[in-house]
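A single chain, nothing else alongside it, follows as structure tokens in the form predicted on its own.
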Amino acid sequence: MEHVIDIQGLVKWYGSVQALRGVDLKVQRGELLGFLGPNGAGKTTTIRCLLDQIRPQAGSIRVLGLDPQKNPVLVQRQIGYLPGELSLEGTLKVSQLFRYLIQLRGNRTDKAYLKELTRRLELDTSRKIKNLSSGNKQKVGVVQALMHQPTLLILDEPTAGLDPLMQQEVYRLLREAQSRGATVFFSSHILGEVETLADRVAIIRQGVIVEEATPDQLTEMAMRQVHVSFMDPVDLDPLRALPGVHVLAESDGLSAQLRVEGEMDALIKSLAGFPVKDLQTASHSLEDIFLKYYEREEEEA
């Protein structure tokens, strides 16, 4: 089985609204794929079709070599799923929820591994779910997806609400799952997360996959805001001549606000010849990449 996920021509309507317009996507065995797109692009609809939670009007889906519409139980048995809107029974203690899930999965969970997960995520299993913070509820969601060591992980915004330290721990857990042979399919809005985790990314827009690329290729599409101040007035023309660099504002040659598209290498090398006093950069975002990609797509059209 070369492809763990194989989607071809997927179409989904909600009444008069077409959410998916012919999605084609393949995910290889052992791959860690980031599934990206703005809100309303079709990410969650695609995921729900994969799990047979909803059914498309057209197209074909193969998950782990199986048709999820014909073999939903067999497919879902091999999947660890974290929904974007996690709903848990608040009156249960965390330990009771995990015990219920172990029984539901036929007692196939390694309890030592479950204990390790809760320790590493610093999750208190004696507390009732309704008394947990949103971050701790997210940890419960991560643990329930990983605890049975599934063949395929499908995660919708896996680190939402987690602090930076816990985000890093989740990244380590997902890489470890991949090293054991699991395939990881996750959606995210955090570019740094995609750069850290993904082997490959797929961007969906208006119900169609519009780009498949590596994280490095995605970063090349990014835009950064750069503020530079100088010890003495300078001529900014050499900076204006650099490819991908736009001078947005300046103050008598003593400072400049720049927008940089793609790599920073040319700008950094050029600034080495200036009396730089201070340099500040604003982190790029997926929104910047989406906007740049869509602008490019419209120009080509």
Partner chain sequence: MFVEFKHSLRNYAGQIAGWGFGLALLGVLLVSVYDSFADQMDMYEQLVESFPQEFMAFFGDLGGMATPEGFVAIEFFSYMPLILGIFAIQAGSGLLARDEEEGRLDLVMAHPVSRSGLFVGRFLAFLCALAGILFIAWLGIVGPMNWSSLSLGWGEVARPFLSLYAEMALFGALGVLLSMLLPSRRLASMAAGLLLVASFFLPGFATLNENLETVARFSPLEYYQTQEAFAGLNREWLFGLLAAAAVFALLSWWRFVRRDIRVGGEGGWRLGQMIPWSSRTE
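Numbering follows the first chain given and starts at 1. Small disclaimer: the values here were computed from a predicted structure and weren't measured.
Just so it is clear, the following notes concern the form predicted in complex with its partner chain, a form of the same protein that is not shown.
A single residue from the set Leu101, Ala213, Leu123, Val210 has any heavy atom within 4.5 angstroms of its partner chain in the predicted complex; that residue is Leu101. Site annotation in the predicted complex: the residue of Gln257, Ser270, Gln28, Gln53 reaching within 4.5 Å of its partner chain with a heavy atom is Gln53. Proximity of Arg205, Ser229 and Ala266 to its partner chain in the predicted complex is absent: no residue of the three has a non-hydrogen atom within 4.5 angstroms. Stretch 72-80 is the contacting one of 72-80, 175-183, 113-121, 196-204, since its residues have non-hydrogen atoms within 4.5 Å of its partner chain in the predicted complex. Residue contact with its partner chain in the predicted complex: Gln57 places a heavy atom within 4.5 Å of it.
Using a 4.5 angstroms threshold between heavy atoms, Ser87 counts as touching its partner chain in the predicted complex. Using a 4.5 angstroms threshold between heavy atoms, Asn136 stays clear of its partner chain in the predicted complex. In the predicted complex, its partner chain lies farther than 4.5 Å from every heavy atom of Arg62.
Contacts with its partner chain in the predicted complex, taken as any heavy atom within 4.5 Å, map within 4-19 to Lys12, Trp13, Tyr14, Gly15.
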